[in-house]
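For reference, the chain that follows is the form predicted on its own, supplied as structure tokens.
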């Protein structure tokens, strides 16, 4: 070993010991006859001291050649530090240097390798190997490692078996776009990279593995956001001979274990809410339940009063912002501008101030009397001093708009405490959703999700009303994981494919292997997948997942460090049987 200790472990108790350290030069302070060097590695920083007449001439000469990020080895004695630094664990000691060797020189880095750096994101991504030296980034990846270990330990104790599934698989038409890989030895044919190991984990249940898990890389060719990457990681799990409650209880336990062991947080109850209830109360299938401000439907008290905007609306819905009746016109205009942003799409905003003197002031006073507005307030549970905010329009879009306004108000009023964690199971999703472009139903989750038994008869008469035996785990308004009880018999799976618009031949070509497997004794089974990158970001208190991935892509799907994706030469294209347009 090139070192006896790392740069973060020496303490006052080791004064007098002869040690050897190795690492990167963080900083050199040359005061003429006295030099201090901060030596850094993954574990911390240790100060080195050299002094004219006491340190060797060769060590002094070498020290004056050092620049930032030089890799060095140093030998010396641990001594008590005169001016102690209580901001770092090694701040009580320093190394009286006896010898110093440069293991590798370094160019001056393009940004400062410190927690507070001067490098912008694009520059740091280009030199990601340097960015990873910074403590803030390294700690995020160490958190990721701790969480992966905790997941494996929990699931292993629950008798889950870790199994690796293929990365080169078959492209399927459902879901997001696949990344495809041409096959050289099968000209004109392609593999796909998996969006999920879904069919393989179901086949493992048919195989009798009973409990499977995998921390697995998945791929989706889709537009990117802060919480999306073209390649991402799932905690992928499946169980046999289970019903919905068995799956929910098992992974509620895993979630509690992670929060307790990693963050020291004991989670409260995991309430359950149907999809229909979540949409009605919050306008979202992943509601943030850390605060109230639930939706109040006002159609019965707001319509047929001569205000055409409301009278022609499918839904009139409001929220009550407690204690906000003193909002100024400027603040109300800012809220109106917020909901009229193109990404939200509302045409306007109606407000009602519930004044402390018992009167009401509204942006639609000319259409509604004080008694009318009092009925609004009563229905919304508004008290004097509160503010009602109201939107109207088509039901689905208006709920989506009000959800955005609710979250915005929650943030503005400090109601979304980042140190508070409120989990929620959302259940009974629609099995199918109608696509206007293709004019057919698509699976809301995937085509292997089982319908609720009591709704199966509706598949032929009213498929849009069929509920899925599906569930999502939501924490603080973020979908952390989702899954379902699966179809495990051929007849039901064929029926599902029929309602998704597959012909028998298409279903056989795409999924014949799975339906064949169902004829050999497939057990009832279900599972769930957690977004591991997203879970890590939540534990680290971040909205973006990029810093929790060692080598992420940017928002254009590029790795600017290695310049990928990139063109390939014409010989490779010929070999693969591909030609460019």
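Numbering follows the first chain given and starts at 1. All values derive from a computational prediction rather than experimental measurement.
Below, we refer to the form predicted in complex with aspartic acid (ASP), which is not included among the displayed structures.
- The stretch that touches aspartic acid (ASP) in the predicted complex, counting heavy atoms within 4.5 Å, is 442-450, out of 442-450, 343-351, 409-417, 113-121.
- Taking 214, 484, 403, 233 one by one, only a single residue has any non-hydrogen atom within 4.5 Å of aspartic acid (ASP) in the predicted complex, and it is 484.
- Taking 362, 398, 250, 196 one by one, only a single residue has any non-hydrogen atom within 4.5 Å of aspartic acid (ASP) in the predicted complex, and it is 196.
- By the criterion of a heavy atom within 4.5 Å, residue 528 is counted among the residues contacting aspartic acid (ASP) in the predicted complex.
- At a distance threshold of 4.5 angstroms between non-hydrogen atoms, residue 133 is out of contact with aspartic acid (ASP) in the predicted complex.
- At least one heavy atom of residue 220 is located within 4.5 Å of aspartic acid (ASP) in the predicted complex.
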